[in-house]
Each structure stands twice: as structure tokens, then as C-alpha cells.
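Heads up, the chain below is alone and in the form predicted alone; it's given as C-alpha cells.
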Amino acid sequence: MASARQVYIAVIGTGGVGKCFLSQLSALTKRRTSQKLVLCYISTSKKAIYNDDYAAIDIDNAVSALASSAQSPLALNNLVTYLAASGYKTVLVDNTSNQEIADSYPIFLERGISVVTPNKKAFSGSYKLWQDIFNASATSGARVYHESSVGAGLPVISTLNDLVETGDEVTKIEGVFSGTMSFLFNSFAPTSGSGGKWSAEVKKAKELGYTEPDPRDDLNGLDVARKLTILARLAGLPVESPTSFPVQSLIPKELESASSGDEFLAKLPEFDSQMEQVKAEAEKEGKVVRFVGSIDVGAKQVKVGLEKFDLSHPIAALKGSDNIISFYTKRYGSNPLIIQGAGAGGEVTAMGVTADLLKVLSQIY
């Protein structure tokens, strides 16, 4: 009977989130005695470790063993076949932001392999992929969870699902969905004091590791648009893609074609006056400017961009790189249900992934 409680786990991606997840998985295997969790496959884009007999891979040494491995990753179709043939319940943990892997989720799910991931591209890509993923899950009974695709470890998706599935009517969702944008505007346009120059704050955010290697990947607003697409779909709006609604980019048009992130940062000070003007206009009204996303469910409108807020507003009072998401619903009336906290970082993102894995483990046996 003990062997029947065995669960095989395959992990793709050992970057910042992947390493933190493996650490949490190691601790989980020691705490959880009701099921035997076996790491049977681990890979990066170039290397892999797996055994034909599914022998367990030592989780604590997996990253270092992977670095010296001579094995190549299995093609995704072959990985599906490998995992499906194990004879036990299996879970794929995808810690990447890879589109090809995201596109393959329906195939894994069809074969009874559950999926846990922070990969936004699976759930904010084409609406057809979204439908295919959840149809495959419903048909096979394999589970799919992606809490960390919005708000890292914050319980954003699970809360929205609970609201919808218990029959509440979500009327509006609004918030700061990017730790990078939160940090930038809290330091550029603080509620007290003058803040720094826009270009200096962008440079500082990059040096502190808050931005992508090329800050334009944050400033174009598409990361926030992906998160809004996911939440809008969960709230019942069939949003086609993150580019199917208004998304304000903070990249000066003249710098969109800069050859690198470094060139972009070098030239950005020439355009500081544009953002200074935005800040000054808000200050004249006694407000601060923030980069937010909003979903008006009744009007079927989604948008991402700059908005002005009173200094007393929860969004204005945000600190550091925190996220804040407000759910306005019929039950909660004029006072929204607010979720706030760290919306970025390896440990908290991995926590969301690990919590999702726990949900799967509680449901597959």
C-alpha cells in the first residue's frame, strides 16, 4: 500500500525560482510522510538528469549534479511519454517562462500529468490555449495550478477563484501588479518628499535586481498586461491576449529601437522631463502617480497605465516593491477585499509553486 502513495515529480527550470523551489521541495519530502515524493526528472534548457527506471534523484544535490550531467533534456513529447509510463501519479513543475513548454501543457494534462507553474505565458497567451489547458484538465482529472503567475506567493488567484466559485459577483479588480513598477513609483513619486529623477530610479532598480536585464521589458507594461489577462479570464471575460486592450508603455518612442538595455539607460536622462511633467500634474491635484492595472467586469474593459491617486489611497501608500490587488465584489460592497505584500522574489514565488503542489498532492489520491 505504501508504494501506491508514491508521486513522481519532474522539474523544468533551476533559475532563481527553481532553486528556491527545490529547497522547499527537499524540506517538504522530509515533513510529508503520507506520500513518497520522488524527483524523477530535472532539466534546464541544455542539461537533464533522469533514469530509465525512475530511480529517485537526490533533491539536495540536484542542481550541482545537473551542472555536470552529460544527459540532454527530453523533447517535450518524449517527456510526456516518459512520465505517463511511470505507473504512478506524476506532476510537472515548470519553473520557466518558456512559451514552448506552456504550449505543451494540454498534452501533459491529457495524459494524466498534473501541472504546477508560475509561467504566465500559458495562461495569458491565446484564449484557445487557455481553453485547451482547462478542457484537458477537466477531461483527464489531472490538476493544473498557477498561483504564482500573478503576485508571486500572494493568494491572488486562489482568492479570485473562491469569490467566483462561491457565487460572488466580481465587479472590478484594480491594483499594482508589478514589484518593479511599485518600487519605481514609490521612489520616483513618494507620498512625502520629492523623489529622484526618473532615469536615476530606473538605473537604481536595475542595479538592485528589480528589473529585467533590459528594463524596457518592464517599462513596456506587458508583464502587467499578462497578469491582467489571467485575472480577467478567471473573472469571466474572454480576453483574447495581453495586446487586445490598452497598455501604456513608459518607453520613450525614440528609445524603443535602442540596441541594448545599457544604451537605453544611457539615453534615458534626456527624457526625464516627460515623467517630471506627469509627476508635477499629479502634485498640482494633491495626488501621486502610480502604474496600475484595472478590470471593469461589467463594462468588459481592461487597461494598464498611469493613474493618479489621493495620498490616502491604499495604492498611493504602498511601500518598497509590494503589490496590492483590490477586489470589488457584490458581497464586499464599497470596501474591497485587499491583498497586499511582496509580489516578487524567488522565495515567495517558489512558495506559491510549493503551495500549489500541496493542493495537487491532496487531490490526486
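Residue positions are given as counts along the sequence shown, with the first one as 1. In this text, all values refer to a predicted model and were calculated from it rather than measured experimentally.
Form predicted together with a further copy of the same chain: not shown, discussed below.
Interface segment, criterion being heavy atoms within 4.5 Å of a further copy of the same chain in the predicted bound form, picked from 48-56, 64-72, 311-319, 298-306 | Result for this chain: 311-319.
Heavy atom to heavy atom, is L154 within 4.5 Å of a further copy of the same chain in the predicted bound form?
-> L154: yes, in contact with a further copy of the same chain in the predicted bound form.
a further copy of the same chain contact at Q340 in the predicted bound form, heavy atom, 4.5 Å | Taking the distances in the predicted bound form, the answer for Q340 is yes, it comes within 4.5 Å of a further copy of the same chain.
Heavy atom of D162 within 4.5 Å of a further copy of the same chain in the predicted bound form | Although a further copy of the same chain is absent here, D162 would touch it in the predicted bound form, with heavy atoms inside 4.5 Å.
Residue contact check: R331 to a further copy of the same chain in the predicted bound form, 4.5 Å heavy atom = Contact check for R331: yes, within 4.5 Å of a further copy of the same chain in the predicted bound form.
In the predicted bound form, residues of 342-361 near a further copy of the same chain [heavy atom within 4.5 Å] | The stretch touches the partner through A342, E347, V348, M351, T354, A355, L358.
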